[in-house]
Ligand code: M6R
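Next comes just one chain, in structure tokens: the form predicted alone.
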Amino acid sequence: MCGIFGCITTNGDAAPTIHASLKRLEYRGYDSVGIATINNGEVFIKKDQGKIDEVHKLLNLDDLQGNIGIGHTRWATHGAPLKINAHPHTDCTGQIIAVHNGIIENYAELKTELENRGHTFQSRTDTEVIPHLIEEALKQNPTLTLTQAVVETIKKLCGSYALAVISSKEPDKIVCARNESPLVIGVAQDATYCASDLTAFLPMTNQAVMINDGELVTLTPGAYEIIRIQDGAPVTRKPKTIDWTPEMAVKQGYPHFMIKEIHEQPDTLRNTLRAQEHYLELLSTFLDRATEVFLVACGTSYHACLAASYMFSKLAFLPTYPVYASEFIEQHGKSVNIDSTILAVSQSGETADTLGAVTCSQQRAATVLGLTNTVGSTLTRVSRVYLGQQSGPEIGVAATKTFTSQLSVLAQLALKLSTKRGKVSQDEMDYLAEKLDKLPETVEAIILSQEDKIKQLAKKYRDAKIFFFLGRGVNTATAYEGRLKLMEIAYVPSIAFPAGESKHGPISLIEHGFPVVFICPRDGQTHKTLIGNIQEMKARGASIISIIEEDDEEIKALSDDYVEVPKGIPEVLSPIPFVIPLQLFAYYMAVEKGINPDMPRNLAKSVTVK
């Protein structure tokens, strides 16, 4: 999740203000930084990979001249974290400069078109097409203003963006726009600002204008104009007074990063659905060729792999073996060979146990594929092919959007592989693809409709000493993940099993009031069997908490409490929406117990020791 910032001042140079504001955006996560200013028609740019303080020590970001400028902290999605890929990016003339947060889905086609028109690209980013498209629009019609050229450019973009553009030809304005990436305007007496969030300019002004999707803003000294991109209609919106503290602003008003990141999942899922087709195709080709496939990961990522093993089996008829990375060498280290394929999954790309399994596999000539959230990490460097999950940095220690993002990418990979292998009808493939595309809206609906109910459940069960989590099929993984979240965040001992295994020992623990959480999708073969499992637990006095589809009256009648998700979710995709109530429940259980969910004891975000 990159951070952008721009400002026009009427008093002094912009660069020190941009530098300080980018520091306030550090929490968003980044791998490189850059600033561009304009002074007397001349463009000045400084950028490099690394942390802001490191780059500042090397380049001195404050001595760029000019009262107008833009800055950027980059979280790599396209192109490795290198100086050449750092923002800002320019057109061929060096006169048009842009920064961008988001993902341009159709950048490859646009880049090819522009190269055929004679444009030369310097980076491997998707962002660089933006200044070149603006340059081309002005070349085709020199009478266009910068604002008009940006509008023409945006109409060609598919994907998400918050962008800011300046030009030495019109050095008194910043043009910025938004679609599915955050953008806010700040208004002060001697300056106007644009930023990814309020944190960047809050020390200078608390007067903010929120920009909506499909809107473009032109900033000039002391003023701003908003238009709708679709039809150019002007939008009137007055600034609001923001009374947040800087700490509140970092969390965008949420009390903790964990709940903020749970709420971000509709947007992160939209970004994961923009996974690059080329790399999905490459990964699916390697998986199709493999004699055996191991899905290797730790913790939450392992649960995503477990769910993915069902997806690959059901959709592509491909047997895969999910393995804890810490056990891989002992369990399979001697048997992997040149015909083996390892799909390693790690949010950080630096998980020590996962990299150990990868090294062992490489030594035995196995093919290593990677799925990670961190481009430039060790996993991306050692993988034959890797794919970014594109969920942005996750600050809360407990993985939430990591799990759903990984599942989304793995589901796309399973669908791509299924198409390649021709094992499922095209009608079913189209149906599943349509349902996958709608999951962001489904997740959003769950959060909006069920969060208050889940708060009340946390109040009711806050003193419970132990929980059971039970699921069947692909939602065995959901049960494991729900159990993990409750343990690591609220410190409540929890047990998870495939529901069919509950009779083989665990049921002996059940007594009156023992809370048992069932994950109950309605699609597929598991529903009727789950009803039997619920009745077994209920007959022994358990308190039944069910995650069900809307209007599932059978399981409602058997449950002491239930949380509903929208109807019509295919079972193979159900772990993504069904885990949301479990994430919320763990969070609110921690809050009820007075525990800080962002800093669970004894845990680290990235486990880089074995």
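Start at 1 with the first residue shown and count on from there. Computed from a prediction, not measured in an experiment: that's the story for all the values here.
Unshown form predicted together with the ligand; subsequent notes refer to it.
Within 4.5 Å of the ligand in the predicted bound form, a heavy atom is found for all three of T300, T351 and V397. Of the candidate stretches 236 to 244, 340 to 348, 166 to 174, 259 to 267, only 340 to 348 has residues with heavy atoms within 4.5 Å of the ligand in the predicted bound form. Interface residue among K485, R74, R178, K401, judged by heavy atoms within 4.5 Å of the ligand in the predicted bound form: K485.
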